[in-house]
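There is one chain below, alone, in C-alpha cells, taken in the form predicted alone.
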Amino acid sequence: MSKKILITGASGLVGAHLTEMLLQKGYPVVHVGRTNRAGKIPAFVWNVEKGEFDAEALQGVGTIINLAGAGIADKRWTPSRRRELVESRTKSVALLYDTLSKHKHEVTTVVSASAIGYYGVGANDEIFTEQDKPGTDFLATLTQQWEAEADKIQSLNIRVVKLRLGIVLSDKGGALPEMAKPVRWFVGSPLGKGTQYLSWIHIDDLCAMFIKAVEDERLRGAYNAVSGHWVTNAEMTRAIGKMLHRPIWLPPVPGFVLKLLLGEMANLVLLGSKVSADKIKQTGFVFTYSGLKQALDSVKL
C-alpha cells in the first residue's frame, strides 16, 4: 500500500468517489488533469491534445487508474462532438502509453474505464458476457477503439484491467438525478417502449471493483462493472417514483420525441442490454448492493 495511485479524469463523479475510498484505505493518491487544481490531493497537468504529460506525476506510482473522457451525455452528438468523444478517450490512453514507454517508472498496473456500450444492443433474451464480440454502432466502435489503446500498454509488461461500466447509481451526479427530475415534478414516465433493459451498478460497488482490480493481481483484461440485476426502463422509473413517493401515471415518452430533442444521443435511453456480472463474481468480488431497491434506498435524492 506504499505505492501511490495516480488517477486521470479524477474530477468526475467516479473519480471523486474513488479518491475518497482509496484515501480511507490508506492509499496515497495523485491526480492528473487539464489544470493544476489546488486541494488536498497532489495534482499534475497533462495536455492530451499536445501530447504533454508531467512525468514527475509518476514518482512513486504503482498503479494508474484511467477515467479520462468527455461526458457521453453532456452534448448532442454532432460530428465534431463524436470526434471529441472518441479522441478524449483514445488519445488519453495513448498518451499514458507514450509516457510510460519513454520515462522511468514503477507502474505495474493500469486499470482503465470502459463501458458496456462495447456490446451494442442485444435482443431482449440476450445476455452479454466478456466473451462476446463488440457491436457495430457508434458507442460500440468508440469503446472498442478505447480498449484497443489500453491493450497496447500490456506490451510494456504492465498488467491491464478494463472495467466496462454500466449505469452508475449515485446521488452526486450521473444518470440517476437526471432520471429522478421529471419524477420529482410529477411528470415521470418510461422512455420509449419502457421495455429496454438497464444494466446498473451502485457507485460504492463500482469503486470497490476498481480497488479490487488494483489489489488482486489475478485480474487481467475486461470485466463488466454491473450488478448483474438488470431492470427495464419502466421498472427503474417506477422504483424511482416509489422512492420519491411520486406517481408514475403518464404514458411513455415516444421514442421519436426523444430523437427530435436529442438526435442519435437518444439511443442512450431508448436502447439497452442485459449484461452479466458473473466473471467479476468468480474472482470473489461481493456486491454490497445487488438489488435495485437496496441501491436506491442508500442514496438521498
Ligand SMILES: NC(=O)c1ccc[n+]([C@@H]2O[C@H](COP(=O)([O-])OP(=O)(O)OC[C@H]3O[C@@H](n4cnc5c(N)ncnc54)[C@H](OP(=O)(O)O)[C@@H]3O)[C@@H](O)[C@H]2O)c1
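Numbering starts at 1 and runs along the sequence shown. Note that the structure is predicted; figures quoted are calculated from it, not measured.
This next part talks about the form predicted in complex with this ligand, which is not shown.
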item	value
This ligand contact at Ser114 in the model of the complex, heavy atom, 4.5 Å	yes
Partner proximity in the model of the complex: Ala70 to this ligand, non-hydrogen atom cutoff 4.5 Å	yes
Partner proximity in the model of the complex: Val14 to this ligand, non-hydrogen atom cutoff 4.5 Å	yes
Contact of Trp146 with this ligand in the model of the complex (heavy atom, 4.5 Å)	yes
This ligand in the model of the complex: contacted by all of Glu52, Arg82 and Val161, heavy atom 4.5 Å	no
Proximity to this ligand in the model of the complex (heavy atom, within 4.5 Å), stretch among 82-90, 129-137, 150-158, 102-110	82-90
Contact residue in the model of the complex, chosen from Pro42, Gly241, Pro252, Gly33 - any heavy atom within 4.5 Å of this ligand	Gly33
The unique member of Ala180, Leu219, Leu198, Val168 whose heavy atoms fall within 4.5 Å of this ligand in the model of the complex	Val168
